[in-house]
Ligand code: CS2
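We begin with a single chain expressed as structure tokens, specifically the form predicted alone.
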Amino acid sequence: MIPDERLSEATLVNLPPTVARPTYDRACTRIGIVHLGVGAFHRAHQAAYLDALLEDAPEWAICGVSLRNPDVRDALRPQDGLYTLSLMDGGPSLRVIGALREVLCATDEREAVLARLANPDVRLLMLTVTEKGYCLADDGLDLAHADIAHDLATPEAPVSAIGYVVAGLARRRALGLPAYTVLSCDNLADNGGRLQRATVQYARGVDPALADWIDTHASFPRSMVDSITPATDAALRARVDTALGLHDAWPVQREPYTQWVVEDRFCNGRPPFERVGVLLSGDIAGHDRAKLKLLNAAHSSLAYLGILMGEETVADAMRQPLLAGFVERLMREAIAPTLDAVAGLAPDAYISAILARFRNPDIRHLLSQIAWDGSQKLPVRIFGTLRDAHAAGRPIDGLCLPVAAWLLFVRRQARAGIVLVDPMDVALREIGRACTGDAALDVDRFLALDAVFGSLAQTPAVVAELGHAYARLDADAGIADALRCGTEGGCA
């Protein structure tokens, strides 16, 4: 049953003591940040970090902007921007976040958004709009995108994220105000660099002098973010309402683990991020590589091997001792030695944190979902490490095992007539249906996909080890035997 009273400034005093709430006077805060894309990830991640700063740095409150859909605004405005964050740690623990002092929707509040961007107090513009929200093509802007074409024709009435970035900067330049920093918090490689190039390219189509001013005066730091944030569902809403004794129209939830790495390159001041655990680093690419090679490679390994074992979720797979042990050895013995040193990253501690995340029973991360797009994921998650290990003369059997598991996964899906969620679905299923169980021949069929395997298909040691791994996994008791690889003598 939905409580009669709603979460708001007036009802904060009614919260039970078990629910954390802002420790600062919200009325004394000032909006110094505009954030485009005020979805669940932003509210569970960046807004939570900034909420922890506002007692000592009250000038960094947030104006959250939805570019399209008014639902978040309509849910949170009656709550004075307050909402509940639930940490999925077995409790769960609940905390009311107060960092959002204003919530707007650009579709019917465009002028309010542009006025806020031109406010002298605003010194930072952040974005979580997903990769497609940047309207990119290759390393630049997709000039054929309908939103970009619209904005270039009517730059004073933007609809795209890039259009708003530039429109706000244009107003500041006209007013003689300094530029703001533009910080992408989306998971795409070189996010700050790509955003800067797209922004300047777009601005050049509006006003070349404006483009030069932006290129000279604005800054676009790179960043990396990480935390699993499941969608808000009815169970979360009911749980939060019961715990609060108040109705929260849109709570959010995430795992306890969270990571935010930011390049310290700001043009107009910045929040004291380091006080709340944000890592300021000049090597965002190094952190990205570590995440890709350790976290993402381990995820894919769990997915394909776990599915072959009949498991459903990451936590289920981690309850299989042989599989959990294999994944840990893979990260510590096969992958970590191939990483370059990254300032601020301790590989052993990072691996331990990853394993703890994988074991969290509150996070139902489906293996079937992680298994999507294997032809695109494995080349960047595992193949590079495999090449590096082989070039260094290190054992490669452990690294070949998840790749062989993917081949078997494809074969089994194809034989069952199940469409793969993969851009190479047709070619992969054709190969899968042609497979006979002869390891050498089956592996050769897959290796003929040059767009996937490239030079690995011409590396005899890799070809041979893939065949061995495929044969071990395909044997009657092969998965268990294959996973024991490494318990004696190493599996790197």
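Every value quoted in this text rests on a predicted model; they were computed, and no experiment measured them. Heads up: residue numbers just count along the shown sequence, starting at 1. Each form is matched to the other, and the largest set of C-alpha atoms that superpose within 1.5 Å is called the rigid core.
If you look for the form predicted in complex with the named molecule, you will not find it shown, but the lines that follow are about it.
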Task: The single option of 109, 190, 388, 226 touching the named molecule in the predicted bound form, heavy atom within 4.5 Å - done: 226
- [ ] Heavy atom within 4.5 Å of the named molecule in the predicted bound form: which of 376, 130, 296, 93 fits that? Just give me the one.
- [x] 296
Open item on the list: Heavy atoms within 4.5 Å of the named molecule in the predicted bound form: which stretch in 109-117, 166-174, 213-221, 363-371 meets that?
Closed with: 363-371
Open item on the list: How about residue 411 - does it come within 4.5 Å of the named molecule in the predicted bound form, if we only consider non-hydrogen atoms?
Closed with: no
Open item on the list: Under a 4.5 Å heavy atom criterion, is residue 381 part of the interface with the named molecule in the predicted bound form?
Closed with: yes
TODO: Evaluate residue 123 for contact with the named molecule in the predicted bound form, applying a 4.5 angstroms cut-off between non-hydrogen atoms, and reply yes or no.
DONE: no
Open item on the list: Check residue 291 for me: does it contact the named molecule in the predicted bound form (non-hydrogen atoms, 4.5 angstroms)?
Closed with: yes
Open item on the list: On a rigid core superposition, would residue 134 pass a 2 Å threshold for CA movement between the shown form and the other one?
Closed with: no
Open item on the list: Is the shift of residue 304 between the shown form and the other one large enough to count as movement, that is, does its C-alpha move by 2 Å or more after the core is superposed?
Closed with: yes
Task: Cα separation of residue 277 and residue 350 in the predicted bound form versus here, shift of 3 Å or more - done: farther
